[in-house]
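Single chain ahead, written as structure tokens, the form predicted alone.
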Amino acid sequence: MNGYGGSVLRVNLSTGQIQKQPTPQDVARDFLGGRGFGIYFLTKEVPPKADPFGQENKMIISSGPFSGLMIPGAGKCDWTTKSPLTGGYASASLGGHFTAELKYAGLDSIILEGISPKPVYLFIDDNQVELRDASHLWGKGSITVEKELKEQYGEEYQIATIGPAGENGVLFAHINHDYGRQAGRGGVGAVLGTKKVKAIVLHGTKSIPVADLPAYRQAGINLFKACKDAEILKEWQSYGTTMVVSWCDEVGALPTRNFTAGSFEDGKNLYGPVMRKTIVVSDKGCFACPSPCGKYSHTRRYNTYVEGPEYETIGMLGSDLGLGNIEDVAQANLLCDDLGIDTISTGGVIAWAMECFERGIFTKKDTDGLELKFGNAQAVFALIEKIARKDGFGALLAEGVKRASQKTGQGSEKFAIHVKGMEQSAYATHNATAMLLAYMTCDVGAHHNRAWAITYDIQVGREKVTTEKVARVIWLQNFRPMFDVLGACRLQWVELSIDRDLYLPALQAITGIPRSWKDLETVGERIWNLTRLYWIREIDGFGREWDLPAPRFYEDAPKTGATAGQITRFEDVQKLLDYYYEQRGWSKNGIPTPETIARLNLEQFVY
């Protein structure tokens, strides 16, 4: 198939059996690739109510038709599994150079099945595929392991690895690649750890078939030229996602002290220009990226090097923990990367623990002697280590904020900031109704990347609750994640304002199949509804209650900052869901109707 590697690699870790199968053409037609392939294989092959840490769960790694080709940012792949953190659907996007190598090895997907009896890493070099002993790597940090494997095999080999947190089953453990790119959310690293897979080593030299080479070349040139001509390119290259810090602080969206506010009194110390001047050494981009958002940094205070921090990490390990020094945030970032835990969830659960401590729910006796006050950087560093090792108090936090608050009680559930068990990423949404709805209805939990609607709130009136706002969120959810399906980064479209119509000629030239955006948005809608059906299948009683946000956003108005005194009323939260379900073609309890299921050809997935 043009635009595809052509094969699905299946690795049975229990038996050691390895086989390749042709990529199904009908699946490529209806789900395209990336997270579309992921949810298709997850729903079809993992039985209902499977244990996320059991033999039956699978890890599905999938590229898309843009992956590995000369399209801006075409270095994305999706890691799909049943989430140990939420019990539902997990989908984590990975940038860097891993995905291109996957396609050059002739693969569209890797499906890891079963559980290995001993630590292993998967070695792929074109047609050579082996499980190799990883006992000597077990227990080591992600960055250490990647360095060792690069030294053994060479720089052209791409490595994805887990840290000790994944080995220990921390429910929000991540997968690390390229010394600072992550498949971060939902506990994908914990699933690899349970399967005893320490790393994947990947190299390929094969060509990717393209239907119309001259047209593909011209389409790629047009896209790169649009990026080069973008007015904001130079600023974006300089600051990357840290551009967002100052804007969020000014509009009251920067999470502060466990989302009690949206503006931080020390926020200016975390802004992009300060970080650039203080710690940034160089810029770092992913495959085929003309606008590198990665910043390689050096902390003089700790004499350490790290990729980042980017905006989400600054928000969740910085302002949300009361840390106002960019070097402290960078050091916390490094610890999370090497130990293998998601910076967003880590920040969320530590912020909750700090609020519990300051309210007197936890004492030093509970926290292993740590003074868990907001702004205490050394306590943050110690707790990151404890979480990754599941040591003492860290074992409670390793379960995520939902479980930790349920076990703790004493009213702490009300300020556990999550949706569906996933810690909310770094946008305060006390009075930003579109962004709040985006978090509430996101298909993996409270994550921002499916529908980044906060700018639309500011544009049309953040407090408004209208059908037009809801329609905008749905459109974003259908379209924006299509980049995860196609295998390319969305930031060129989002931040550089690249005309999305420039992507269609590229897709047609690569695959030979004409697709309209209406057609592609239907594919996005199909994937969105299938992920919803997956949650319904896995969680008994799943529905509206699972879409509600943390009470903080409808009960506790911020006392400081740009949103002081502002809040979204609970009746407006319910109204948002009413509008959303109606427009989605779902019942009042958030269940896709038979008519919607039939329209999207999803009948085979209904149990």
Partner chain sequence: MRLYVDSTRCSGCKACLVACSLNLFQENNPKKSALVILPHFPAPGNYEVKTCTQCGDCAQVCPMEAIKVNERGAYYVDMDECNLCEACVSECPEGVMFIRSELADTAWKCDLCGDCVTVCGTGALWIAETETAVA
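Positions refer to the first chain, counted from 1. Everything numeric here is computed off the predicted structure, so don't read it as measured data.
The protein also exists as the form predicted together with the partner chain; that form is not presented, and the subsequent description refers to it.
Peer 1: Are all three residues Ala446, Tyr534 and Leu577 in contact with the partner chain in the model of the complex, where contact means a non-hydrogen atom within 4.5 Å?
Peer 2: None of them does, since no heavy atom lies within 4.5 Å of the partner.
Peer 1: Just to confirm, with a 4.5 Å cut-off on non-hydrogen atoms, which of Pro505, Gly169, Gly322, Pro290 contacts the partner chain in the model of the complex?
Peer 2: It is Pro290.
Peer 1: Work out which of Trp138, Phe123, Phe224, Phe374 lies within 4.5 Å of the partner chain in the model of the complex, going by heavy atoms.
Peer 2: Comparing distances to the partner chain in the model of the complex, the residue within 4.5 Å is Phe224.
Peer 1: Taking any heavy atom pair closer than or equal to 4.5 Å as contact, tell me whether Leu213 reaches the partner chain in the model of the complex.
Peer 2: Looking in the model of the complex, residue contacts with the partner chain include Leu213, since a heavy atom lies within 4.5 Å.
Peer 1: With a 4.5 Å heavy atom cut-off, would you call Ser425 a contact of the partner chain in the model of the complex?
Peer 2: Result no; Ser425 lies far from the partner chain in the model of the complex.
Peer 1: Examine Asp283 and determine whether its closest non-hydrogen atom to the partner chain in the model of the complex is within 4.5 angstroms.
Peer 2: Asp283: contacts the partner chain in the model of the complex.
Peer 1: Would His97 count as a contact of the partner chain in the model of the complex, using a 4.5 angstroms cut-off between non-hydrogen atoms?
Peer 2: Yes, contact at 4.5 Å.
Peer 1: Heavy atoms, 4.5 Å, the partner chain in the model of the complex: which of 203 to 211, 338 to 346, 129 to 137, 413 to 421 makes the cut? Say which one.
Peer 2: Contact criterion met by 203 to 211 only.
Peer 1: What residues in 152 to 166 sit within 4.5 Å of the partner chain in the model of the complex, counting heavy atoms only?
Peer 2: Read in sequence order, the residues that approach the partner chain (within 4.5 Å, in the model of the complex) are Glu155, Glu156, Gln158.
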